[in-house]
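The chain below stands alone and is given as structure tokens, in the form predicted on its own.
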Amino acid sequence: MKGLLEWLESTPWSIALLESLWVWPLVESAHVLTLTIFFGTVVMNDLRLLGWTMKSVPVSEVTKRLLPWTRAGFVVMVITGAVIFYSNPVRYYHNIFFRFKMLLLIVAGLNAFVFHRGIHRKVAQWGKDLVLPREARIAGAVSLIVWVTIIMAGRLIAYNWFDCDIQPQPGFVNWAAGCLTGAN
């Protein structure tokens, strides 16, 4: 894996992207801006699932109106995130916060999959209830917690407290970041 990432990092496009005066900030800005669109729609949907807001609006209506924006924000966010990773893949791969963020993205995806393939299929039956089914409330709470944590982890990627080239690090940190040290 490391050989592939080192090759990717040495490609002219990766180098140009990382050293770019304008492209890098534009890609990063697009990533953050689409994150705000995505997260804003997710929060509104999750707060409705928790029964904390828009109680008079059926869940199906909230989902119908927000999901296109959520999906569009997610697609652009993933594309720009992949471009950001491409700019410095070895550093990101070994960044403990990046790894944590990727793990949480899997959790968020599983939560959304279970929600949409499960309880949401019967939204016509419960979507107008004052107290929504427990599964819907749990999905909303998990989504909120996981996405807030993903955003925090994403922000912490910029800091190099635990980079592999800063040694000595605790053994757990070296293991979590995939650092190859003399002790490995």
Partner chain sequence: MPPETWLPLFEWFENTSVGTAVRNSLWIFPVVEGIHLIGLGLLGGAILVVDLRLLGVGLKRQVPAELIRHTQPWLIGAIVLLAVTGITLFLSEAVKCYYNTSFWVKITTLPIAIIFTFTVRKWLLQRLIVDTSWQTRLLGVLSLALWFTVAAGGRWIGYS
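Nothing here was measured: the structure is a model prediction, and the numbers come from that model. Residue numbers count along the first chain shown, from 1.
The form predicted in complex with the partner chain is left out here; the points below concern that form.
Although the partner is absent here, Phe172 sits far enough away that none of its heavy atoms falls within 4.5 Å of the partner chain in the predicted complex. In the predicted complex, at least one heavy atom of Ile151 sits within 4.5 Å of a heavy atom of the partner chain. Mapping the unseen interface onto this chain, Trp13 falls outside it, with no heavy atom inside 4.5 Å of the partner chain in the predicted complex. Put simply, Gly40 is close to the partner chain in the predicted complex: some heavy atom of it is within 4.5 Å.
Every residue of the trio Pro25, Leu33 and Trp161 has some heavy atom no more than 4.5 Å from the partner chain in the predicted complex. Think of it this way: in the predicted complex, the partner chain has a heavy atom of just one of Ile138, Val62, Val146, Ile119 within 4.5 Å, and the residue is Val62. When the partner chain is considered in the predicted complex, only one residue from Leu132, Val123, Val142, Met44 comes within 4.5 Å through any heavy atom, namely Met44.
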